[in-house]
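Here's a solo chain for you in structure tokens, the form predicted on its own.
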Amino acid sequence: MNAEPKHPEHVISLDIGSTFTKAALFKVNDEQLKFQQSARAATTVDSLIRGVRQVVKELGCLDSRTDRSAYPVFFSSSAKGGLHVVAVGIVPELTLKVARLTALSAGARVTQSFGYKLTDRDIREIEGLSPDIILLSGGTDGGNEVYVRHNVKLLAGMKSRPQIIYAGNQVMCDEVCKLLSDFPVHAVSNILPELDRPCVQQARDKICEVFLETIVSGKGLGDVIDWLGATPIPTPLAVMELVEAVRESCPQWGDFCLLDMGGATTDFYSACRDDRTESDVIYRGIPEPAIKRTVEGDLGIRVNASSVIMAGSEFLQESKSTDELVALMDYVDKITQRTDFLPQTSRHREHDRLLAEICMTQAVKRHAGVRKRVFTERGETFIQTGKDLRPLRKMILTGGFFSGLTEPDFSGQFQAQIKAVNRPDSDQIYLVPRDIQYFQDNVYLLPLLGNLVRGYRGRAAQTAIHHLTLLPSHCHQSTESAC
């Protein structure tokens, strides 16, 4: 790892979210980034610079002589929906799955994915989605050419011209670039050059490069870049890099997962090896990366609150009365129209808690692997797809809701819901954590610390762990000595 360069005495980290713009001031010392103060303002989508100026001013860091920030700023953004990618592959459990994981690891939101041969209907759907990037994959090196050629020819007929990153069979590279010569097309190494050997770094780097070079202006970030004198990264990528830094720089912390719940999406990160060593289990698909991210675009406790109700409908119908459901729906109508609304009463807080529990449960369930019980001539066995999260013992909770969480036994209630996803009479087992401690980011610093990883890697990781608090259903203590 490269040595960290010298830095000024203070730095600002800033994040432009879909609902709020957040910022924090840190003092730089040899071991950690000492948190000084934070600020928050509503994100004005048609003028992102407005919230940015307001939070810098609230931090007391606006230089009156230059009308700019007095300190260096690192910033990220997920405003206007973040970075939208459509993934196109061949086999869903091979190239298509790797394409999705690649886009997610780069901080993108995978709007839709398409396997095997595209159809005219698929092309119309892609046009309607208006993706920022199409990540096109398929075939190992020297492998399938028929599907790739078919998909490229259909994509070439699109009316729009999104950025296309080709990360498939390298034998096809020149032909693909020629067929897509009317598009801004970028060729990178194959994300799956051989079966069971993903190779995603070059495609991931290219997604970030395209984001910086061509997409930020379309997201309304040009004025922010000019004013701050800094370039952004996608917010989920900042959190992903923090997860990687914690696992690398804090080995005593061990394996963990992180849940980042916002107003529009809920992101889930796991940091653990995908061990596939059990003799009575048949494993399907490629091994998953040690650091994995999934994003649930329909799970957010403000912008997508109505979708949360749909996702948790079974749980709500089983546990809530008709009057309670009516009151909850009235609240959801209010907050989807006023996404900056903060709970004012105990009833409001109860509604937010229910929405949060559904977001969390669904995000963990979708991220986890699945085992299906089958019977063969040798007796009972299991078929597993995805990653086994059962050994995990720590979950970090970050996001606006968790920064204000005061309920004494929230973690116990959530753990009960997680255990309930596996019904006793089902042959399908979700590999969710079984017994876990929950750590609260009660100052809402983790996404902001993620922005600082590239300049202060070890210190950002140490500071993140230092500011976590173990939720009290297990014990009352801070984690200051965790590393």
Partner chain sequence: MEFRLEGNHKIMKEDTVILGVIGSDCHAVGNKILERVFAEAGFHVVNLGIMVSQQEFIDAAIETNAKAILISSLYGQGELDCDGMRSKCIEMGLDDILLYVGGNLVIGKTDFKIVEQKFLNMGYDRVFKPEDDLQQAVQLLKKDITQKKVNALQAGQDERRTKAS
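Numbering follows the first chain given and starts at 1. Note that the structure is predicted; figures quoted are calculated from it, not measured.
Heads up, the form predicted in complex with its partner chain isn't pictured, but that's what we're talking about next.
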Please identify the residue among Phe315, Trp227, Tyr71, Tyr116 with any heavy atom within 4.5 Å of its partner chain in the model of the complex.
Tyr116
If you check Gly400, Pro162, Gly143, Gly297 against its partner chain in the model of the complex, which one has a heavy atom within 4.5 Å?
Gly143
Since the chain is shown here on its own, which stretch among 342 to 350, 206 to 214, 371 to 379, 177 to 185 would lie within 4.5 Å of its partner chain in the model of the complex, judged by heavy atoms?
371 to 379
For Gly138, is any heavy atom within 4.5 Å of its partner chain in the model of the complex, or not?
yes
Is Ile90 a contact residue for its partner chain in the model of the complex, using a 4.5 Å heavy atom cut-off?
yes
Distance check, Thr95 to its partner chain in the model of the complex, heavy atom within 4.5 Å:
yes
Can Arg124 be called a contact residue for its partner chain in the model of the complex at 4.5 Å between heavy atoms?
no
With the partner left out here, which residues of 278 to 292 have a non-hydrogen atom within 4.5 Å of its partner chain in the model of the complex?
Ile282, Arg284
